[in-house]
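Before any questions on how it binds or moves, here is one chain, the form predicted alone, in structure tokens.
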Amino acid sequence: MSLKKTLTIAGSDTSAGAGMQADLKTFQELNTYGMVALTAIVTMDPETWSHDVTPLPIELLDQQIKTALSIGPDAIKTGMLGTEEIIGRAAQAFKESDAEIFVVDPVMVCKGEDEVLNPGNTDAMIKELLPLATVVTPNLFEAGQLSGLGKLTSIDEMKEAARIIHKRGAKHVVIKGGKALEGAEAVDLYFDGKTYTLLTTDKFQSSYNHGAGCTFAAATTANLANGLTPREAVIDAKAFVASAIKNGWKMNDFVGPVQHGAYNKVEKIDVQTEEV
């Protein structure tokens, strides 16, 4: 049996709930062969859980990318890209590859942190990554930054942000409203350049959701590699991450990760769709 090959260019979350660890777990659950080119290592203070991000040398990233591209990934996704130089190298990696799928998860902050990792990264993402993106998967904060609209608080504002991000080059845009929007439902917005579609599930307990964003983007990547259309891929990714969140668990007093195996081993969550 031949598996599709999926490459993540992302950081390492030492607690293993997010980052490349979440990507590889998701790739495995969705039956693709996962590879990684590591950009940074994130560690946490055991007493406060504050994050420390250490980028790896660009030369080492370059060597990893050369190795991975020699294997021939069918799809590439990005995660934490800590500097403008690393963003540029990730874009170049896709151009150098034979992959037809490029999923951009525009990570700007660590979970629990509220400062952008590098303010210049936003402009670099707009310039380097969006024009190449098959799908881009920002949360509300990231979508506000990529669109220039700032804080997004409503579906109408999400639609305008998606329109701008699409105009900046991304072929398909998913803005993750998730738990951040008010109401009993977790709502994401998908835009393909013509049609806006709401993706909705019940809003489950939100305390144990570490890694949800990485997991959603990785599931989208694997689904695309396995032949789903972008619309099908993001709907199924929404179901995958909803199952993972519902069955999340407490790791310690600071964080609880999603359960990456829940979609296959526990339950599959129905996703409601509505064009708006």
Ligand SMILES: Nc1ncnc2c1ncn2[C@@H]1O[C@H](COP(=O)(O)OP(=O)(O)O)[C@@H](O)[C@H]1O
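The model shown is predicted, which means the values in this text are computed figures rather than measured ones. Throughout, we count residues from 1 along the sequence that is shown.
Beyond what is shown, the protein has a form predicted together with this ligand; the following relates to that form.
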Inset, instruction - Can you check 207-215, 223-231, 28-36, 58-66 and let me know which stretch has heavy atoms within 4.5 Å of this ligand in the model of the complex? - result: 207-215
Inset, instruction - Report whether the minimum heavy atom distance between residue 101 and this ligand in the model of the complex is within 4.5 Å. - result: no
Inset, instruction - Examine residue 188 and determine whether its closest non-hydrogen atom to this ligand in the model of the complex is within 4.5 angstroms. - result: yes
Inset, instruction - With heavy atoms only and a cut-off of 4.5 Å, decide whether residue 245 touches this ligand in the model of the complex. - result: yes
Inset, instruction - Give a yes/no on whether residue 219 approaches this ligand to within 4.5 Å in the model of the complex, heavy atoms considered. - result: no
Legend entry - in the model of the complex, the one of 202, 156, 85, 182 near this ligand [non-hydrogen atom within 4.5 angstroms]: 202
Legend entry - Position in contact with this ligand when the complex is considered in the model of the complex, options 134, 121, 139, 147, heavy atoms within 4.5 Å: 139
